[in-house]
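Structure 1 and structure 2 below are two forms of the same protein chain, each written out on its own as structure tokens.
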Structure 1
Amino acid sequence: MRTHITRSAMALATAGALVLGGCASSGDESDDGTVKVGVVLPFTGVQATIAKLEGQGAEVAAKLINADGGVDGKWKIDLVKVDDQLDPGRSATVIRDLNDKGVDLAIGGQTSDLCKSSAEASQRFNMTFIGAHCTSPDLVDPPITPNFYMIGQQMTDIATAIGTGLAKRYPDIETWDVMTYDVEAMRLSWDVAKKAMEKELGRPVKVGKKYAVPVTATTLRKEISGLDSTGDKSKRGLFLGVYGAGTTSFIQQAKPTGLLDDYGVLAQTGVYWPTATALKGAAPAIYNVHDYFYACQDTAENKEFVAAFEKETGEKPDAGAYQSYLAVRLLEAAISKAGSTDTAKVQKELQGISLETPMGTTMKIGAETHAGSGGVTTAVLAGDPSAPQGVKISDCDVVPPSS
């Protein structure tokens, strides 16, 4: 065995020669007239569908900007999409790919761990990175790295908005049953929402059944039979801190019990839109909160965005598409203000910058916190076969950022 060690070690070293082809040229400065913007999203894997819409949001922003003559009339935007496969290790690699391709400005980051690893990797090259979709307060104030900015609305704002909205619109609900994923952000979302409700109502809120389920759970029978056992539900609300497969499985498994119709109101802090559209008109009505719902924003810019997005994709933009759109717009504003595409100058301008959003609110990036506060939207999403994509959006409230 050992006589082969030398040869094998050599083989290991020369294996490198086989992969020389993968070696890209580096240090390629962006030409005058274009600015490269990296888009780092999980284009493959379980979140591929969501990531595709997000990528298209960025594309629409770039198209609209380029049609107007480019950023500040000087630079056309050239998007460079890379796939982080929802894996932090992978994102560390693709950020380096972007650097090899001469990209200095990037957006993306589907979840907080991906935002973290993208921020850490891009810091090596002082690449500007805007976390468009992550929401953890842990990432900002102070920012995890100086080159990182976050525009996803944080869970505290989201939960406060839904708590206040629920108290205003459904003041008769006496008791809340709660089911959240067993993760910090989701458990927190209920605590914050409850506090906001109590503040609005001026009375304590009663909590009935309270469950925390593992993030991988798709069998929720025990929780459902627990919720089912509480009797009359006309004055009860159900608060869901789940998303994705958890929402789908819950709705599927609860359907035969009639539970979903019995509750006075269903509310959810996790993302509901993809589940609601997937249920093709059969989605139960849920009071939901997110940065953006396309039908709630009555501004000229939003109409232009929705029309352009529909033309591009045949679908309505979801909150993720909106966030990507906003991230590109934010880079546009910072580049214009800096009069340069230089990453250090852009970062300097991003601190404290204000941007009029299609929501009709103003997003301000904290100079110290690096967090963009731009307001959130609450609305009821309900299955309706005649509505676009089978989901009707009603009872909108746009909650501007608290200053």
Structure 2
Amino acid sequence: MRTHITRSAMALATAGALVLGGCASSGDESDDGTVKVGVVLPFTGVQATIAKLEGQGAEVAAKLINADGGVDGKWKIDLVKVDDQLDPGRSATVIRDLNDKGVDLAIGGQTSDLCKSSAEASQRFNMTFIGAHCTSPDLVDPPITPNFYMIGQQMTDIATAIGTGLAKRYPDIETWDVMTYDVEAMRLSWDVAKKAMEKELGRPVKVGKKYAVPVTATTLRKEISGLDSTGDKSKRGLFLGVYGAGTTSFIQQAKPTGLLDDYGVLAQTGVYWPTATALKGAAPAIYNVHDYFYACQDTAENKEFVAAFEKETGEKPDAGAYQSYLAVRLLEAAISKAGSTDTAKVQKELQGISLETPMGTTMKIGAETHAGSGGVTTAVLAGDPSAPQGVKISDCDVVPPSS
């Protein structure tokens, strides 16, 4: 079990990193009035479609900030993208590349494993790293490194929200089949969701077939064959703790078998939007949970964000785009509050900082935990050729932060 790190210990660790990172850039304000922000994502490989949207969210934030005069009217944001290829082993290399380019502030981390490795590599180079998309509670409280901050909502909050929502919306489901990625955060998503369902229902939830597949898996026919079920579909549900290419592969390979029609409800904790749009109006209805769905928010900031994203990309933003957008906005707020782009000063201001979000909730970074809390949203996403990008979003429920 990880022991807690005190403030003094964190300060000593940070001081040590300054010595070890002596070859890194100083982090002082740049002479040309810019601040470089690294964007670390798997821009190639099986999850590149998601990474593209995540990167675009950061681009939209930077363009809006720059068009408004820059951070605090002093510094324009210059995004520097690097490709970690969904491989934690590459983190040291890509972080070193950012360091060589004079980058002291970075965002990214599509998975919790990538957040961990990137945070550790960043600490060696005296860089600040914001995990925009990771969800594992083990990364925070205390933070894995003093320079790491996480704004992706913790999987415990995400899974609790979907479990509670499923119990309320589909109380007649008696048995759940389960397929998740074989990584801790996604396996945890089912365990927590099941516990939340049982608490809401006041009875045990039965588990049928259960599979865990690699995050890089694209052939799922063995699992699909094993999930082939019979019986009353109104009493059966399928819980998916996968996302992106995994969800796309699963639907494409399962649909011809008729498996998707064997369940009364399909639910998913991972991002579904990119898969649903790729299916061009034919996406099966899935009860989904994530930080954000563009159609579920009715705030002035959300309208600005959606309009800017559409202008830039011709598409609607998804949760990954929102998270990257928020990460860049968070750095903007911390730099402005610090009156400096120095990484140590920015880290100090990130602790306990608050930011109003397009969701209409307040994102607050825990001073001790370095974890963001901004609420999550549940909704049903279903193929509809008449809806924007062929996906209808309905039955929205914004779940505010628990504290």
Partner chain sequence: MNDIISVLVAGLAQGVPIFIVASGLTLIYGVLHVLNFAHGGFFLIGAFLVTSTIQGGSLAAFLGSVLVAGAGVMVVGVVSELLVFRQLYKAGSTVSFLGAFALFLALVGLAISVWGTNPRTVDYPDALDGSFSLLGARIGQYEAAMIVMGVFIAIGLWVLLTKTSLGTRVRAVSHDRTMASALGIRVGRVSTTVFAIGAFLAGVAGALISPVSSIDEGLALSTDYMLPAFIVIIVGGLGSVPGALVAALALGIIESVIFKVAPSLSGFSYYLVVALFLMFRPQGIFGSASRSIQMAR
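Throughout, rigid core stands for the largest set of C-alpha atoms superposing within 1.5 Å between the two forms. Note that the structure is predicted; figures quoted are calculated from it, not measured. The first residue in the sequence of structure 1 is number 1, and each one after it adds one.
In this comparison the chain labelled structure 2 is the form predicted on its own, and the other chain is not. Shown in the overlay between structures 1 and 2, fitted on the rigid core, is a CA shift at Leu139 smaller than 2 Å. Superposition on the rigid core between structures 1 and 2 places the CA atom of Phe250 2 Å or more away from its counterpart. When the rigid core is held fixed, the Cα atom of Thr164 travels 2 angstroms or more between structures 1 and 2.
At Pro204, the distance the Cα travels between structures 1 and 2 is 5.7 Å after the core is superposed. Note on Lys222: its Cα is shifted 8.2 Å between structures 1 and 2, core used for superposition.
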